[in-house]
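Next up is one chain by itself, shown in structure tokens, the form predicted on its own.
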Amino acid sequence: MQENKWIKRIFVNRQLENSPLVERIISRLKPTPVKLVDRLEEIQAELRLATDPIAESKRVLFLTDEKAFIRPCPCSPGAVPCGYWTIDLNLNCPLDCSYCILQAYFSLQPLTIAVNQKDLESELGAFLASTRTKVLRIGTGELGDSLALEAISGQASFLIDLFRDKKGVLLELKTKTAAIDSLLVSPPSENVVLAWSLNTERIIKMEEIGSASLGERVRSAERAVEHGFKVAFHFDPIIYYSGWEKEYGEVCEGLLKKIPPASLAWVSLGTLRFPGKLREIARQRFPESLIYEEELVRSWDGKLRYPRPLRLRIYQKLGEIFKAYGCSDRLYLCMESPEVWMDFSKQNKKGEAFSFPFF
């Protein structure tokens, strides 16, 4: 039986109560109460009564099916795209980061695990057969942490086996946890990348509730490399505060001293950005957080961001560190404007568009 750190109640789509995966998850979470429902709205009606519906939604698990899984990553209009695709097997996240954009989208969305894996397998086959992209990146982690529920769902292990030996496609599993033990039981796959979102220890402690420490994440990445996986890192969102330059610099240098360049697939850099409605939600839920009090401007896509000169200064500072370690060709900017991208690319002597020279 798996130790249950988060889940208070389990809801199951009545039509799927005999699913083997449903039965397996319930058995791992005993004696957590289970209730059959016909519609998501039944769960949402209960969540509305909570003092903090967003926090409550992270303690309630819904086992159901998903009609479609694969979608293009919702890149901001006008930003330089990276061609990423997402697989939405899980919705919502048990971690509670003060800057998480899901707060603005998932106020009444329980932790949701799609149990119809065969449907995903069929959809993926059709998708790959119709795709002409030379190298396709696809991954989970857009609408929920890739590994936070792995111990009870086994979804990441299922995906690794599903993608094993598929040519021309890279699967990325992105997390803020250290929950990789189950992934180290089987041989690694050359086209599977394990990725970690990283931040400074100060930001992790203050803003990323429930996540693994910086040291735990980096050590997990080292273990993944030792096992034979390629790894990636996402410095996103980078938060501006007094001391940011020193502390982010230490994180980058410490990481690059431990992860060999040959095992590093890619690194993304992205500064804090969010739709305006998130600020009021986050201020109410995290009154001690100060990340929303810095100077922010409304940008081309309607999101609030740091002013362009500050964003570029941050990227250039971290870019210099990766360049010093011979890894500047692994860097790309996430959801940034063409102007910032071009200035950053000139500094790193890269072309206009990001490519994946490692593969």
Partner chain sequence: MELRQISLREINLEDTRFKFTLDKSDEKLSFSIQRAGLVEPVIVKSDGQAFILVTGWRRVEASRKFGLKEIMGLVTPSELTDLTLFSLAFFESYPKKNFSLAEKALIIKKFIEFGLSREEIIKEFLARLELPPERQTVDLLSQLACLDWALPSIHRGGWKLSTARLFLTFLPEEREAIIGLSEAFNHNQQAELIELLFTLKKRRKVGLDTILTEEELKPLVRAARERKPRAGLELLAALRERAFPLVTEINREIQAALRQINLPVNSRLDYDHSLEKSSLSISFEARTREEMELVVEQLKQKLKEGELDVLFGLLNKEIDE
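Numbering follows the first chain given and starts at 1. Here the structure is a predicted model, which is why all the values come from computation and not from measurement.
The same protein has a further form, the form predicted in complex with its partner chain, not shown here; the description that follows concerns it.
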Report task. Name the single residue among 163, 99, 229, 286 that comes within 4.5 Å of its partner chain in the predicted bound form, judging by heavy atoms. Result -> 286
Report summary line: Interface check vs its partner chain in the predicted bound form: of 75, 108, 104, 169, the one with a heavy atom inside 4.5 Å is 108
Report task. Please state whether all three residues 240, 311 and 339 have a non-hydrogen atom within 4.5 angstroms of its partner chain in the predicted bound form. Result -> yes
Query raised in the report: Counting only non-hydrogen atoms, which stretch in 170 to 178, 184 to 192, 197 to 205, 277 to 285 is within 4.5 Å of its partner chain in the predicted bound form?
Result: 277 to 285
Query - is_contact(residue 39, its partner chain) in the predicted bound form, heavy atom dist at most 4.5 Å - result: no
Query raised in the report: Going by a heavy atom distance of 4.5 Å, is residue 50 a contact of its partner chain in the predicted bound form?
Result: yes
Query raised in the report: Looking in the predicted bound form, any heavy atom of residue 290 within 4.5 Å of its partner chain?
Result: yes
Query raised in the report: Does its partner chain get within 4.5 angstroms of any non-hydrogen atom of residue 325 in the predicted bound form?
Result: no
Query - Partner contacts for 291 to 311, taking its partner chain in the predicted bound form and a 4.5 Å heavy atom cut-off - result: 293, 294, 295, 296, 297, 298, 299, 300, 307, 308, 309, 310, 311
